[in-house]
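Given as structure tokens, the chain that follows is alone and in the form predicted on its own.
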């Protein structure tokens, strides 16, 4: 039964090794799916490429269904899975800032490292800005602490907030994902047709 490290199935000394291996695999997958290209990432906001949305939606759905199945089979204890605390104010502000970074730079923190690994100069500049932002936030944190921790909901899940089962949330996410895949396909098709007409 999992999770393996909290339950002692794997010694705690291996956690960083496993994290490193997962990180390498994650970077390889990002590069393989074209996430090292700022054009592919920014394409979501311009309507000509929704690969980012599809890949992340697929990852979320696979993880949700997998966890539900593992829990049903008794292979994992969901009560031992770490849930990131929810701070409404800082998460909303952070989402807006990260979205702006996506549009302006064409990268998120993870994809910028992937692009650096293959030698992209724009990713180096983006990542330098990332570290500058981290430094500025760290220095200003005493002034922002109340805002950062404001509207704390604790370690909650969507199903707990809405008062429904995890299975229902997973089912709804699958439906939303399928609709999103179809709608984005229509948008891509329309935008690319316009680009083709404009070129000719």
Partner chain sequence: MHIHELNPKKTIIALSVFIVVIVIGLSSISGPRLEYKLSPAETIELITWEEGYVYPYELEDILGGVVDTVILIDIRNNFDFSRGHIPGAENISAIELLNEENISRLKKLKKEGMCVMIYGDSQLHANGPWMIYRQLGFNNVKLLLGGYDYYAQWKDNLADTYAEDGYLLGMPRHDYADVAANAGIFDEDDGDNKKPLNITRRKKTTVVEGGC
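Computed from a predicted structure; not experimentally measured. Numbering follows the first chain given and starts at 1.
Missing here is the form predicted together with its partner chain; even so, the following discussion is about that form.
Its partner chain is not drawn, but in the predicted bound form it has a heavy atom within 4.5 Å of residue 185. For the chain shown alone, residue 32 is a contact residue for its partner chain in the predicted bound form, at least one non-hydrogen atom being within 4.5 angstroms. Shown alone here, residue 62 lies within 4.5 Å of its partner chain in the predicted bound form, counting heavy atoms only.
At the 4.5 Å threshold, heavy atoms of residue 144 stay clear of its partner chain in the predicted bound form, well away from it. Residues of 11 to 30 are not found to place any heavy atom within 4.5 Å of its partner chain in the predicted bound form.
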